[in-house]
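Next up is one chain by itself, shown in structure tokens, the form predicted on its own.
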């Protein structure tokens, strides 16, 4: 009688489904990250405050204004205060007409500017009076809701 010898073979795991899932997760996070970067400008260094905390309700309609400076490689400010909005840099005091234009676009879409929240992400070195000027320009355009962004932590 002849006995067949069995070889111990190592079973291989099919990695294809796992690799597919990993690629789908990478694509998902790239898309999500890209959406958030459209509204957040890395040139703006938010002020720190102990009372800062994330909003509990998320505004559906908002306009994000990044207000800051252009800095050189050493971090020294090399420009006047600018508003970084929709990929353009506008001097702070010249931003009023753009807010008027946004309000006209909203009216064209049959929506009220008063229902849209202006989210202000201002650099910590921007003077308070300049932020008040932006709010005044937004009020002149018809906007009524505002939020100010800050990073949670000790003030330095």
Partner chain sequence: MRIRTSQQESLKQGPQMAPMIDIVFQLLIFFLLTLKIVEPEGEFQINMPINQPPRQSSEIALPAIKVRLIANEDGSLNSIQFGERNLGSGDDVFKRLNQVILQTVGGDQAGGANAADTEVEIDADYNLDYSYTIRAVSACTGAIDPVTNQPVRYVEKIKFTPPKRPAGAAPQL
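Computed from a predicted model, the values in this text were never measured in an experiment. Residue numbers count along the first chain shown, from 1.
Quick note: we don't show the form predicted together with its partner chain, though the next part is all about it.
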item: Contact residue in the predicted bound form, chosen from 106, 46, 98, 63 - any heavy atom within 4.5 Å of its partner chain; value: 46
item: Residue contact check: residue 53 to its partner chain in the predicted bound form, 4.5 Å heavy atom; value: yes
item: In the predicted bound form, residue 125 touching its partner chain (heavy atom, 4.5 Å); value: yes
item: Residue 112, heavy atom within 4.5 angstroms of its partner chain in the predicted bound form; value: no
item: 4.5 Å heavy atom contact, residue 87 and its partner chain in the predicted bound form; value: no
item: Contact set, 122-150 vs its partner chain in the predicted bound form - heavy atom within 4.5 angstroms; value: 122, 123, 124, 125, 126, 127, 128, 129, 130, 131, 132, 133, 135, 136, 139, 142, 143, 144, 146, 147, 148, 149, 150
